[in-house]
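One chain comes next, on its own, written as structure tokens: the form predicted alone.
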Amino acid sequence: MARKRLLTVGTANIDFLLKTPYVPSCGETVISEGEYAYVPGEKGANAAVAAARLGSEVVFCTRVGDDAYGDRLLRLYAENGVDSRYIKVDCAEQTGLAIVMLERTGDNRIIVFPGANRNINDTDIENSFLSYPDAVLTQFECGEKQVLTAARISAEQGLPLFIDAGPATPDFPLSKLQRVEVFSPNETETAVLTGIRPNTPDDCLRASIKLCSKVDMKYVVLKLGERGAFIYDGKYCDIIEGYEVNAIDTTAAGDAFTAALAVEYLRTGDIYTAVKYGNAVGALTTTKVGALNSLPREAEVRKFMADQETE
């Protein structure tokens, strides 16, 4: 079977990873634990590399700075089989930077400096569609205008569009997205977009119905962390349970989940199979520290899922 081509329109950064016992309060100083590191990351790049490692043909549309970090990112994407023809080297801005504070619990807090990412424009995105993708994946992080442009062209070309709704803002014009195949926020993003925290199945359903009233979408998939994911198609709903793992860092888990969902959905056409696969990829991503270096490969995921079924 020919591999599907997934166009990812999103952000690319270098992550400054710092381990901390907990996030300090205002005026408080906390001594970091272990070493700090600069590692590649950000939502668009995480999704692009995740999809490539999982067997998809991936085209990445983004911008990096004309600096050492930008060069490093371009080399890394090439090493992972990502098509970088539509990555623009921006001479006016530095490569984006994210400061990731990783707590002992495995939870994280992230501060993002967009840098070159904020200059991704309509021409960049329009040109990337010349790659003739089978589907498009984007995230709110690359900016409202950029998301709407990707959504518009996807609709014009009849391409399935997958949206990772992070980070969400309450004023995002959801009604302008046109047709979306899968819309996937996490728990916090769901609360921001709907005012409903998806703590229970009933809350998940109410939030999903509210999202469907705002966006023309085929499926809502709420990412619920270790609880798994909630699926709603406008009539029916279900919860696909997550996998139990020893989580040490949740960075990139949601990005990997959405990328994996898109890859498996394009392969199988089945949302339940795709979400189960996304749960496995998201879980495995939490078992390693960092963003891109924590993303699993296809063989590892299949083995993990097979092992879980035999236990």
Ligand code: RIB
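From 1 onward, residues are counted along the sequence shown. Being a predicted model, the structure only gives us computed values, none of them experimental.
Below, we turn to the form predicted in complex with this ligand, even though it does not appear here.
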| note | The stretch from 278 to 286, 252 to 260, 62 to 70, 48 to 56 that lies within 4.5 Å of this ligand in the predicted complex, judged by heavy atoms, is 252 to 260
| query | Applying a 4.5 Å heavy atom distance criterion, does residue 110 contact this ligand in the predicted complex? | reply | yes
| message | When the contact criterion is heavy atoms within 4.5 Å, does residue 141 count as touching this ligand in the predicted complex? | response | yes
| message | Against this ligand in the predicted complex, would residue 98 count as a contact residue? Criterion: heavy atoms within 4.5 Å. | response | yes
| Taking the shortest heavy atom distance, is residue 291 within 4.5 Å of this ligand in the predicted complex? | yes
| task | Determine the residues of 42 to 61 with a heavy atom within 4.5 Å of this ligand in the predicted complex and present them in sequence order; the list may be empty. | result | 42, 43, 46
